[in-house]
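Given next, in structure tokens, is a single chain: the form predicted alone.
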């Protein structure tokens, strides 16, 4: 075998480079998102499991219904009627008023950049107060 040492060294270096993402990230998983659930409102427009997996499809349906068909109300699974509005229903003061504590938690964790805020204005969030220092 000619240049066997160089071939073996090349294979080892190649394997190290190919497996680098696996062993570099070993044991360094990102922390799970800390989602703040609404305090006032106890029920969403659909059950939690549905909203967790299909909220974007529901929001797309709401968008299409309001913009294209001018249908503005939604009857939830429990028979309750809601206005199909991201800002007035989902992001209202009673529900998910703080985008950074709800939407951004999971979207940042999963690396998803939703296009909701291309058209909608996120609710204003007051900065959290830091505890005052005692002198």
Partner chain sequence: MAVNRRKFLKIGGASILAFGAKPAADALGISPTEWLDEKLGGFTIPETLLHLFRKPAGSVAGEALTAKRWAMVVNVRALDEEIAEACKEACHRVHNVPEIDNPKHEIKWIWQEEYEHVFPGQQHEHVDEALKKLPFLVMCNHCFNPPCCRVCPTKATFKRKKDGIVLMDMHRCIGCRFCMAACPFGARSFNWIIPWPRAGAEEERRFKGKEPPTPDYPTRAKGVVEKCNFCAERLAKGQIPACVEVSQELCKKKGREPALVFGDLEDPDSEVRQLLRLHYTIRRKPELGSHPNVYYIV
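Positions refer to the first chain, counted from 1. Since the structure is predicted, the reported quantities are computational estimates derived from the model, not experimental observations.
There is also a form predicted together with its partner chain; it is not shown, and the following applies to it.
J.: Three residues, 65, 73 and 122; all within 4.5 Å of its partner chain in the predicted bound form via heavy atoms?
T.: Checked in the predicted bound form: all three residues contact its partner chain.
J.: How about residue 48 - does it come within 4.5 Å of its partner chain in the predicted bound form, if we only consider non-hydrogen atoms?
T.: Close contact is absent here: in the predicted bound form, residue 48 is far from its partner chain, nothing within 4.5 Å, heavy atoms only.
J.: In the predicted bound form, does residue 61 come within 4.5 Å of its partner chain, counting heavy atoms only?
T.: Within the cut-off, so yes.
J.: Hey, in the predicted bound form, is residue 103 touching its partner chain, heavy atoms inside 4.5 Å?
T.: No - in the predicted bound form, heavy atoms of residue 103 and its partner chain never come within 4.5 Å of each other.
J.: Residue-level question: is residue 77 within 4.5 Å of its partner chain in the predicted bound form, judged on heavy atoms?
T.: It does: once its partner chain is placed as it appears in the predicted bound form, residue 77 has a heavy atom within 4.5 Å of it.
J.: Would you kindly say which of 17, 22, 11, 113 lies with a heavy atom within 4.5 Å of its partner chain in the predicted bound form?
T.: When its partner chain is considered in the predicted bound form, the option within 4.5 Å is 113.
J.: Can you tell me which residues in 82-101 come within 4.5 angstroms of its partner chain in the predicted bound form, by heavy atoms?
T.: Read in sequence order, the residues that approach its partner chain (within 4.5 Å, in the predicted bound form) are 84, 87, 88, 99, 100.
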